[in-house]
Every structure is written in C-alpha cells, then in structure tokens.
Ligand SMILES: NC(=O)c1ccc[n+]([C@@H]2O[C@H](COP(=O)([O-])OP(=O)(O)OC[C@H]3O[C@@H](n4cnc5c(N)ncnc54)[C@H](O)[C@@H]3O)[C@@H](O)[C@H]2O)c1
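Consider the single chain below, provided in structure tokens and representing the form predicted alone.
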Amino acid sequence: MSRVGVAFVGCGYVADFYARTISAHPGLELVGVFDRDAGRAERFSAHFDVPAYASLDELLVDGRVALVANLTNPESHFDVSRRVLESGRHVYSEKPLAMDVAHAEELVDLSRDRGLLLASAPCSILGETAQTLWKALREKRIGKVRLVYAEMDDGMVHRMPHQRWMSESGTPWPSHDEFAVGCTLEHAGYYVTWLTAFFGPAESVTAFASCQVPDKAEDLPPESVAPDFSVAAIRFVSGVVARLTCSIVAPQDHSLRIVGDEGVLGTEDCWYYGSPVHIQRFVTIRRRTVPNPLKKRVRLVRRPPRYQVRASAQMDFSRGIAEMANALAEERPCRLSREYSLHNTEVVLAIQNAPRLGTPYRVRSTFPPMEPMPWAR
C-alpha cells in the first residue's frame, strides 16, 4: 500500500506528540513541516530529521502532500484549515475545529463542496479503552444507561512549575495560549467525543463556566484569562444525561462512570489508551442498593501488535490522521467525520461560552452514527 503524504503546520508543543507517534502507522509519511516561527521550525526539523518549508505557500504546492495536520494555536485553526482546504488537501485539525460555530460550519461546507475529508482532534475514541467501553455498552453489560459522570480535572496547573515544561524538540509549554483558551476548549473534547460516539448526538447543554484564578498568567490581564472551571449537563437525543466537569484548579481526576440499570461501567483515565475498564454490579446490602465494592475487569480489546504505541500521556496522537488515510485508501467514510467534528465543537463551545450564550443551549448540528473499529466489534 502506498503511503499518504502528511505535512504539519505548526511545530509547537503538541507537534512532538504527533511526530513521535506517526511512525507507528506505516501508511503515513511525514514529508515536511512549517511554522511561522522559523526558529521553532528549524529546531523541530533538526530534532525529528524532517524537512521544513519556508512558507505555507511552499507547503501547499508540494504535490507529495495529500493531508495536512493543523497543529497551530487555536486562534489560527480556522484560517489555516481554510487555506489548506482551498488548496485541495484533506485536513486533520487540532481541537477545536474553530473558535466559533459559524467558522466551523464554513469549514465543513467547504470540505463537503471540495470533496475533502475534515476532522478534528482528539482521536482517543479510536483508542483501546474507549472502544472497550463502547463494546460493553453495545452488549448491554450494565443494562439501560441512565446517567454519566465524566471528570476532566487536570490538577492545579497554576501552582505547578509549568514555566519549566519543555517539549522534546525544545518548545516551551504554551502557557499564554493554554490560559487564554482555557481548559474547556483544551480538554472537554476528550470526553465529549466519547459520549457522542456512545450515545449519539447531544440535544441540549446546560452549563456554567467561571475563572476562579484570574491572575494565573503573568503575561495576560485577568480579563483575558479564560474560564478555568466549567460544569455541564448534556442531554442526548437517546435520553442519556451526562455531567461533565473540567478544571485546572482541582486535583487531577480523569475518571468516567456510566450508570446503567444493572451496574456502573467506568475507567480511571481517558488520557491512557490502555486504562483498565471495570464493571461494578449493583448489590443490595441492608436495604440499600449500592455498587459492588469488588470491581470486575473488562478485557480490553486490542489493536494488532504492530500498532501499539508508547507516547506522552499514553495517547497515540496520530491515530486520527491514520484513520483519515485509511478511509481514503479504502474509499469509505471517515469515522471522524466532518459532521461529528462539527457537532463536538459546537457542544464544547456551548460549555466554554455558557456565560454569554445562556443555558440551556439547544444544539443545532447532528451527525451520522459512527462505526466501531473493526478490531473492537
């Protein structure tokens, strides 16, 4: 099988994670990178031994490039993705697809009109833990699902030595962007993408967001700091209700609990593709019905061995790019469809912008059902 030529736009902190995992996918070839910061591009190019383009225009006329990974800062996602789509290339974008729904819709319409694939990170729904949870739900291992509790607390980042965090290729952790964009846009998608795949489109979002530590960034005025705490109740068309919490002001907790009529299905960390999945059956003790303290492990479904990856946060960042390339080669719809990406973007933006949009927010977009990975059926 011929390899799909991939180029990175953006050589910042997250690009290292993509560069370290792309080699696990034999159908992909990283042919070049570009960053508007020439020094950053040079460091990345030298560290990973990949050519650097002098400009975005030079990248977009390279006939070897079929697919572009947009790894720029969130404010640049829309402009870069639009230029790439207009050049006739498929786009895999870091989250969010765009900073507002209208721009995300414009990208979706443009990709559809040009017959191009468009998808947005995160791609962890394609991971072993997510696929195992989904398989257990399809098999009704806990009966009818009623409620979900999802936690995306990432620790008290403002009290951590983040000024010393450095990527492998030598790029500092982008605290300015992280604090200006906020933990909701950066992190909520890790669970929103799972929940929409499991339970179908969201119908409404009732949310609250607040900035509890406005002076966390030395180079940002307090009014420019995004919410560092958000909580949302998401109602899905299927009837399931989920409560999702995001913060960077509380101790780390990435856990998930899915409550059904017959028990609780869960895992401890959505950032680890091999996070164990467990079931707690309901038992009645002294007239009280509670989850059995003894958790039963659910055997993880596994990808073929040659695709196993060890990477930062135990996530294969390039799996979404590989899914797009495989969809092209197999002439089938991409699991991370443009409609799915738009829907998840809209849900996350509804949470982020709750103070301005008001609640409940009625979700406009929808998407066709996603197929599980073939090795997880």
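Only a predicted model underlies this, so the values are computations on that prediction, with no experimental measurement involved. The first residue of the shown sequence is 1; numbering continues from there.
Note that the form predicted together with this ligand isn't included here; everything after this is about it.
When this ligand is considered in the predicted bound form, residue 228 lies well away from it, no heavy atom lying within 4.5 Å. At a distance threshold of 4.5 angstroms between non-hydrogen atoms, residue 152 is out of contact with this ligand in the predicted bound form. Under a 4.5 angstroms non-hydrogen atom cutoff, this ligand in the predicted bound form has residue 13 among its neighbouring residues.
In the predicted bound form, this ligand lies farther than 4.5 Å from every heavy atom of residue 361. Site annotation in the predicted bound form: the residue of 73, 210, 255, 224 reaching within 4.5 Å of this ligand with a heavy atom is 73. Site annotation in the predicted bound form: the residue of 35, 29, 346, 323 reaching within 4.5 Å of this ligand with a heavy atom is 35.
Exactly one of the stretches 295-303, 199-207, 90-98, 276-284 approaches this ligand in the predicted bound form with heavy atoms within 4.5 Å, and it is 90-98. Contact with this ligand in the predicted bound form holds for none of 191, 338 and 372, as no heavy atom of theirs lies within 4.5 Å.
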